[in-house]
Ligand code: BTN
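First, one chain by itself: the form predicted alone, in structure tokens.
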């Protein structure tokens, strides 16, 4: 995305239509060039309407991410990022961008993107990332202990998101082990977001975690996603910047506790949001297939599953969980 296209988005971000002539003057380009840029933006998922006699207008006003607004919201929590806050209009993957920062800059840094061309979820799945509609956020954190002690970090990330949403009065969210955020009323729960944690470093430590969070705020009606999805379109009163800042704040508060005490202090809270608590579920993977009652999680982030032979401890790996 070039600077002219970024400026064009800012010109259209308000509620009023803007004529092609006005856009051309503001950008110093022809109306034909404006039209070509608009086509590029439509390809990123922006819904731009052409209104006869008035010009161009977004189907809905757009709140772009703003560094000063997020910093101010963190300040209200008496918090400050240990690293950098980077906002990007377009990227392939916010997780990859964070991992590509110099190692000494990754800890406590956050990258937020308006659009991802190659966003991904668990097990290499594509994360659909239209422009300006959702939250695509990655935070880096360094841990002094080894990789094995970071099991359950994606569960903690999911918990911080649902607790952030609860602070805005959104109480119909649930957590699906190991890293999905669901919304709705059982049994009609649909995917609202997800967490992807990627870890690098020595087995014995220290190691660097990249915590990626994707959260649907307002998806297009015709979005092509191969599963049931949910968003927050009914809560258009919630600012993207304020919500992103609340998630960051809760991560900043939770990660030092996790670093010193692991997942154990968060187990009770996670189980309260457990989507399938006490339900019969089916787990399947390349070499695994089993059915049982989901009991909750243990201090290592494993799912406790009870079947006819007793309680089994299930670690995530390549296993998928479905309601039976």
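Positions refer to the first chain, counted from 1. Predicted model only: the values in this text are computed from it and were never measured.
Unshown form predicted in complex with this ligand; subsequent notes refer to it.
- If you check this ligand in the predicted bound form, you find a heavy atom from every one of 94, 196 and 212 within 4.5 Å.
- Among heavy atoms of residue 119, some come within 4.5 Å of this ligand in the predicted bound form.
- Though the partner is left out of this view, residue 127 does reach within 4.5 Å of this ligand in the predicted bound form, counting heavy atoms only.
- Taking non-hydrogen atoms only, residue 136 approaches this ligand to within 4.5 angstroms in the predicted bound form.
- In the predicted bound form, this ligand lies farther than 4.5 Å from every heavy atom of residue 231.
- Between this ligand and the residues 179, 173, 160, 109, the one pair within 4.5 Å by heavy atoms in the predicted bound form involves 179.
- Only one segment in the set 149-157, 187-195, 100-108, 241-249 has any non-hydrogen atom within 4.5 angstroms of this ligand in the predicted bound form, and it is 187-195.
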